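Here you get one chain, nothing else, as structure tokens; it is the form predicted on its own.
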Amino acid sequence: MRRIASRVSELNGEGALAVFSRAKELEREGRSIIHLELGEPDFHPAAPVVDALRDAVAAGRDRYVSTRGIAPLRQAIAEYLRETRRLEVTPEQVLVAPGCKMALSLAMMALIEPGDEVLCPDPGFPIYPSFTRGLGAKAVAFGLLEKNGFAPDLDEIAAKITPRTTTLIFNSPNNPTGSVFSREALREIAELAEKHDLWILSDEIYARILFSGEYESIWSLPGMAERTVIIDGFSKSFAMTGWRLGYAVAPEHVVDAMDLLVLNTFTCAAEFTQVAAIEALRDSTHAVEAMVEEYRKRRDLFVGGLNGIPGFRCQSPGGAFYAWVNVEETGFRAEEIAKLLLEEAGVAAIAGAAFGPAGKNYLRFSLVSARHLLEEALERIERVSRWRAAVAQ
């Protein structure tokens, strides 16, 4: 039998999906499971968005369209970024893709060569280093440490830049920590990018899920629009996970390169979802604001409860919808606690090593269940906390 291409062996999966599969097995056995593993909102798109999709399908908007995305959506995205992030973007700098992962993959394929070195956050979204390796490049981790509030250490990043470094990837708010990079941190990253001629891949999928202040995009800093690719989409802020619609914002010549990759892969994103996405960006019912406020309440409830459990320590996230919990003081490995919570308490969470070596002493919970379920999850965790006596000694 012919071999599988070696690049596939460089890829890894997502821990969240593995836990989700086991949780579903337990549910089929009749077990009650509180799902806090996937980064999937329990909200659904606002009614006008669903109506727009239905109307688009009924009107026959199900044909091939521009590889870059339909013009009205690219215009709407440019206006949306101007209104919500104060960014000056043209429709020609926007490319629409079926999901943020695809937009990210296109950007990485367009910019990263075999042998390049790519700086990725640790802990961070596992696809960053995985796809980097799949492209024949080397993923170089930079830490987001609890002692620094999970902010990047710019001295560490600077020390890890070599002549082979071409790209720096980050997301703010960060998955899994929920940390939000300060303007000062962004400014220093921008200075390093200018000094060493780096591309910046700024994953801004959680930009609207911010609990204080206004979002700062590195694109807005002087000189950065020429070397930054923004990755964003509709899954998180608009609760459109299964619709698979994302986009990239980049210099036009980068969009041109990504467009050629689209032509050679998936041809185009579905027109009817793009039409509905225009309605989502209008947000006529203020659904995003209401959703973020609910996440704020869940954060305060759940983080407060976690910090009351012996051996658990959790900083309050500034954005996204995750609780990143240090469990080192329990004396148990994070993987052991995650298994215990799932198998005995019926609470699905992710062991932090799934997000990089720096996550080995952490668990990630997604705040994607209603408050009464989060309260029940806390009660279940309390009931199985076998480490309580050890922590008290």
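Everything quoted here is computed from the prediction, not taken from an experiment. Residues carry their position along the shown sequence, with the first being 1.
Separately, the form predicted together with a small molecule exists; it is not shown, and the next lines address it.
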item	value
Ile200: touches the small molecule in the predicted bound form, heavy atom cutoff 4.5 angstroms	no
4.5 angstroms heavy atom contact with the small molecule in the predicted bound form for Arg74	no
Any non-hydrogen atom of Asn175 within 4.5 angstroms of the small molecule in the predicted bound form	yes
Contact flag, Gly99 vs the small molecule in the predicted bound form, heavy atom cut 4.5 Å	yes
Contacting member of Phe312, Phe131, Phe125, Phe181, with respect to the small molecule in the predicted bound form [4.5 Å, heavy atom]	Phe125
Contact residue in the predicted bound form, from Val275, Leu81, Ile205, Ile189 (heavy atom within 4.5 Å of the small molecule)	Ile205
Which of 156-164, 234-242, 255-263, 298-306 sits within 4.5 Å of the small molecule in the predicted bound form, heavy atom basis	234-242
